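Listed next as structure tokens is one chain, alone, in the form predicted alone.
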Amino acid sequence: MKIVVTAGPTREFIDPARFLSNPSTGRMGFAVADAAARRGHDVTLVAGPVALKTPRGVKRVDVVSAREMNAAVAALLDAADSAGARVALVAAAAVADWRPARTSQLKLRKADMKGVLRLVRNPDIAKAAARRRPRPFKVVGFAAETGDALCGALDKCRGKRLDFVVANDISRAGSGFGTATDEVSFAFPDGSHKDFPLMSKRKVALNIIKEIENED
């Protein structure tokens, strides 16, 4: 099938010298794209600003902001729909939930910064994909939480109508942004879940692709 994967952070610029972002390195999303390509799927990776090489056999679209990522994903899903292809979206990117309402074209002075940062919501890429008609074959989300990651993932799965959500408690040792490993659970909309021990991101990625391939 065609698999679209988002990866990395987004950057939401305040002015030419400052932006809102997060610590995502993109390693999880790139591992998912690599695993999907190795299993013979047609993979396109929509990557935020990261310092990673494109996996072999994967097409890549580079973006910076959440709105750019949303537009790229929508275009890829539109193209898949037009071709009559079965398509899945793995929304692994750590997309900024908010962006500045206005971006200054000039660097703001420190004195100008006070009270100037008004935020507006960014588009929810996974939620929008799950509500498309025709709907993609599978839409997978991620929940990076501290504490009860599974509870947050179940809420996200149901609220956004996703097929499953990969829950990751980033406060655990060896799990989270920039690590080589993760300890995750897959949360499903019926309230069930699959728990996995601490393993490499490559193994987590392979389990994600196998779950997507599951026709049940």
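The first residue of the shown sequence is 1; numbering continues from there. Being a predicted model, the structure only gives us computed values, none of them experimental.
Another form exists, predicted in complex with a small molecule; not displayed. Remarks below refer to it.
Engineer: Please name which of the stretches 78-86, 130-138, 92-100, 106-114 has residues with heavy atoms lying within 4.5 Å of the small molecule in the predicted complex.
Structural biologist: Contact-bearing stretch, as computed: 92-100.
Engineer: Indicate whether the small molecule has at least one heavy atom within 4.5 Å of a heavy atom of R60 in the predicted complex.
Structural biologist: Answer no; every heavy atom of R60 is more than 4.5 Å from the small molecule in the predicted complex.
Engineer: Taking the small molecule as it sits in the predicted complex, is H41 in contact with it (heavy atom to heavy atom, 4.5 Å or less)?
Structural biologist: H41 lies outside the contact set for the small molecule.
Engineer: So in the predicted complex, is the small molecule close enough to R27 to count as touching (4.5 Å, heavy atoms)?
Structural biologist: Close contact is absent here: in the predicted complex, R27 is far from the small molecule, nothing within 4.5 Å, heavy atoms only.
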